[in-house]
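Just the one chain here, laid out as structure tokens, in the form predicted alone.
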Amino acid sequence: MLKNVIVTGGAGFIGGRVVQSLLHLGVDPVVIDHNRAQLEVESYLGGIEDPNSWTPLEGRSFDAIIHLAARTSVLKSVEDPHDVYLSNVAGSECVLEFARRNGIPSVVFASTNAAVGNTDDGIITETSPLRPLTPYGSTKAAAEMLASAYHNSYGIATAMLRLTNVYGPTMWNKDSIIPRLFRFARGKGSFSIYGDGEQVRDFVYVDDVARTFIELAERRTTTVVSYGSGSSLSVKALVQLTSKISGVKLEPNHIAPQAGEMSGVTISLQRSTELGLTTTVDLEEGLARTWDDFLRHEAG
């Protein structure tokens, strides 16, 4: 049973949902983030790669660290690879070192299938070779290797949850595809399809993701596991579904493909199924909830 948990990146989109879920379970979360936490919880401002951010927590007892803090933009990682290295590699090492020094038994990482890159058969599994296409993907692969080393050397349970595209309420200001489509539907931003739009992606609802992070921390699981809905959708089909939900016919233009963009993300759910890690919200229902939340935010 979890009692005290550190959440890095706990002021962010997924982190805020994890913090909320922990509170509902009666767990005391402590947040480390560059930004202030959305909820009234103990929090510390700073980057995880800065050892000073961890100083106030030294010597205290914690059951787990849920590690979400990261630079997540693929395109920005291409522009500034050193910045993404500092947060995602050096920062992850600071997380693991804090756990080692303070006897924290479990660390759960937010990872990504971008650590794998493209596969020969188009299906990503946990045993696929790591051949990342971008600095972002390479930093997540490096963090997975660090986690494996700390598990084998120091006995810390390290679960690496390779997430697909996470979406849901409160993601209004993010630069990912769904909020950009929503802004486009409201005439408040541009949206272009890279290439022919046939590249496919898997989308998973944020509440399912938050629950899964907590489950892995409670179990003290050590594994790499891909997690998503298991059903991939093309960008063109996502545009059509957004048109249906929003009631606005969307007709974005097409531009040249971007360097480092994966042509398809189709994941195997075999390991997550074996672990009992399920999803409960399908894409159409989740998009409708997210659209309603987007409109409430816009009106408020």
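Residue numbers here begin at 1 and follow the sequence given. Because the structure is a prediction, the values reported are computed rather than measured.
The next section is about a form of this same protein that is not shown, the form predicted in complex with a small molecule.
Participant: Contact check in the predicted complex: Phe62, Ser106 and Thr158 versus the small molecule, with a cutoff of 4.5 Å between any heavy atoms. Do all three pass?
Facilitator: Answer is no for this spot.
Participant: Please identify the residue among Thr72, Ser226, Thr212, Thr134 with any heavy atom within 4.5 Å of the small molecule in the predicted complex.
Facilitator: Of the candidates Thr72, Ser226, Thr212, Thr134, Thr72 is the one lying within 4.5 Å of the small molecule in the predicted complex.
Participant: Which listed residue (His34, Lys236, His254, Lys244) meets the criterion of a heavy atom within 4.5 Å of the small molecule in the predicted complex?
Facilitator: Partner contact (heavy atom, 4.5 Å) among the options: His34.
Participant: Which single stretch, out of 192-200, 163-171, 215-223, 116-124, brings residue heavy atoms within 4.5 Å of the small molecule in the predicted complex?
Facilitator: Partner-contacting stretch among the options: 163-171.
Participant: Decide whether Leu96 counts as a contact residue for the small molecule in the predicted complex under a heavy atom distance cut-off of 4.5 Å.
Facilitator: No, no contact at 4.5 Å.
Participant: Taking heavy atoms and a 4.5 Å cut-off, does Ser87 contact the small molecule in the predicted complex?
Facilitator: Flag for Ser87 set to yes.
Participant: Leu22: heavy atom within 4.5 Å of the small molecule in the predicted complex?
Facilitator: Although the small molecule is absent here, Leu22 would stay clear of it in the predicted complex, with no heavy atoms inside 4.5 Å.
Participant: Taking 4.5 angstroms as the cut-off for heavy atoms, does Ile267 touch the small molecule in the predicted complex?
Facilitator: Ile267 lies outside the contact set for the small molecule.
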